[in-house]
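Just one chain is shown here, as structure tokens, and it is the form predicted on its own.
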Amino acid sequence: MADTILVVVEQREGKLNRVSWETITAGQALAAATGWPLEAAVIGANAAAIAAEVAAKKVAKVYAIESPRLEPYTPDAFAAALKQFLAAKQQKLVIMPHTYQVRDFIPKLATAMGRTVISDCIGFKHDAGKLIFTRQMFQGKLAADVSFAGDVPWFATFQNGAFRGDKAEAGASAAPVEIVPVEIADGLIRNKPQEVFKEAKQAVDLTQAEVIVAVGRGIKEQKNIEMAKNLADALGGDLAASRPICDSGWLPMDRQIGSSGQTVAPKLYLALGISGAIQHIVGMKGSRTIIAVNKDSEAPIFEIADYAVVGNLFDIVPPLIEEVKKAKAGG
């Protein structure tokens, strides 16, 4: 079973993180390119319930790695559980979503196994029998092709938005699920997790949003953000911003998109008055459909936009809000 790809999906409180479906899509693409079988694993105290959901996708098998000590999440327990599992199953390539949780435990796991990680990948290629991963450097200014030189298992994480979760293929029938109990030794877990930290009650996880309306310097004044919020509300989406808006205090930092904010991949990303600095583009280029409104026809954002609207956003957005409301009322 050495030439097997394993996708480790992420769940919290019995619910799969949406980016896990993107990683399954990545795994299916890797399996198609290499010819290696694709399997999946879910980790938790009651992983079997989630494993059944993953088993509906095109994978050869799903493992439910279980122990009461895997809830709540701790890096010690997760690293120990996966090390124990991988020592027995011997997969060749282990891929995971590049989430905060994975970033927390994957260095510990890889170090414990004497392996390395190619992190935050945006793609891959299989060339002359060699697997090469692409990752960005210097806030997206450069892209590097990296391959593994050490022993298997190899570890790689994929950036949010690198693949589309809705492209994950369903299986012809449900994949078999194997429950794998693991032993977490007494005293191994050295910390006691508290509640998941949020900066404020209104803190939002934009990575889960399907529609995002983002504002940049072109909004001119803080009071004009209300107009963008009205558009977001009409579309049933979330409001976000580029870094200058958050640095100015016009919106909280949890609304920032970009290399120093959140990385998102919604179905629709509407950029209002955002020029498109590379630091911002890194955080939203994986969006399925990008609509950009900017009065500068040379704005870099237009290079990645699916629809480019050259004009004054104050002339465009108000009638757009009215049209969206009319369409919803008529529908």
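The term rigid core refers to the maximal set of C-alpha atoms that superpose within 1.5 Å between the two forms. Note that residue numbering begins at 1 and tracks the sequence as displayed. Computed from a prediction, not measured in an experiment: that's the story for all the values here.
What comes next is about the form predicted in complex with a small molecule, which does not appear here.
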Original post:
So which of 207, 256, 91, 74 reaches within 4.5 angstroms of the small molecule in the model of the complex, heavy atom to heavy atom?
Top reply: 256
**OP:** Only one of 147, 101, 111, 260 comes within 4.5 Å of the small molecule in the model of the complex by heavy atoms, so just point that one out.
**Re:** 260
Original post:
Do heavy atoms from each of 57, 165 and 171 fall within 4.5 Å of the small molecule in the model of the complex?
Top reply: no
Original post:
So in the model of the complex, does any heavy atom of residue 294 sit within 4.5 Å of the small molecule?
Top reply: yes
Original post:
Taking heavy atoms only, is residue 27 within 4.5 angstroms of the small molecule in the model of the complex?
Top reply: no
Original post:
Heavy atoms within 4.5 Å of the small molecule in the model of the complex: does residue 125 have any?
Top reply: no
**OP:** State yes or no: in the model of the complex, is some non-hydrogen atom of residue 229 no more than 4.5 angstroms from a non-hydrogen atom of the small molecule?
**Re:** no
Subject >> Among 60-68, 42-50, 29-37, 274-282, the region lying within 4.5 Å of the small molecule in the model of the complex by heavy atom distance >> reply: 274-282
Subject >> Shift of residue 16 between this form and the one not shown at or above 2 Å (CA, core fit) >> reply: no
Original post:
When the two forms are laid on each other by their rigid core, does residue 55 show a Cα shift of 2 Å or more between this form and the one not shown?
Top reply: no
Original post:
By the 2 angstroms cut-off, has the C-alpha of residue 247 moved between this form and the one not shown once the rigid core is superposed?
Top reply: yes
Subject >> Comparison of CA distance in the model of the complex with shown form for residue 120, residue 283, at least 3 Å >> reply: farther
Original post:
Versus the form shown, are the CA atoms of residue 146 and residue 259 closer or farther apart in the model of the complex, given a shift of 3 angstroms or more?
Top reply: farther
